[in-house]
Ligand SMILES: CC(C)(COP(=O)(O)OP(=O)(O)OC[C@H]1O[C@@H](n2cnc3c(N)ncnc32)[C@H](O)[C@@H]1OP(=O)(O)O)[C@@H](O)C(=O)NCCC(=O)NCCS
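Only one chain is included here, represented as structure tokens and corresponding to the form predicted alone.
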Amino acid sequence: MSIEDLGIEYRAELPTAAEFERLFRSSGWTEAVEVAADRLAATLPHAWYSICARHDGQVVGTGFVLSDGVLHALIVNVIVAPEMRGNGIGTEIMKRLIARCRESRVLQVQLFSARGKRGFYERLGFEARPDDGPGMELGGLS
């Protein structure tokens, strides 16, 4: 089945708090860290740009960009519902997020991804940073 046959509608919008919580919990990320529903909801207003993929009106995928709109953009929360994975939805979400960053001429686009997804993002033009490259993560915050 092609992505056109699925009837996916892509909208530049935020999911509702309940829609985002459902998708986030389906991602498997809660195995590493538990996040309360109100804290998940509190993340939504901070998106600079977001895409929702809908099938029959239900959110089946999301992706957000956090950005200052000029220098830096960070792509986060690219999630596709487990039953819809492998149909090109994540790729289409990423293409739309990247296009928005390019339209705004953001100088540097980075992403935060789940482990094991490197190949997916490399196919979209992302490169892993070298070991001695910029970018680090602050530990011990959870």
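Treat the numbers as computed from the prediction; the structure is a model and nothing was measured. Just count from 1 along the sequence shown to find any residue number.
Not on display, but discussed next: the form predicted together with this ligand.
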In the predicted bound form, the one of V65, I51, V78, V59 near this ligand [non-hydrogen atom within 4.5 angstroms] = V78
Heavy atom within 4.5 Å of this ligand in the predicted bound form - the one residue of R85, H46, R102, R39 that qualifies = R85
inquiry  = Can you tell me which of 102-110, 51-59, 66-74, 88-96 lies within 4.5 Å of this ligand in the predicted bound form, counting heavy atoms only?
reply    = 88-96
ask   = With the partner left out of view, is F126 within 4.5 angstroms of this ligand in the predicted bound form by any non-hydrogen atom?
value = no
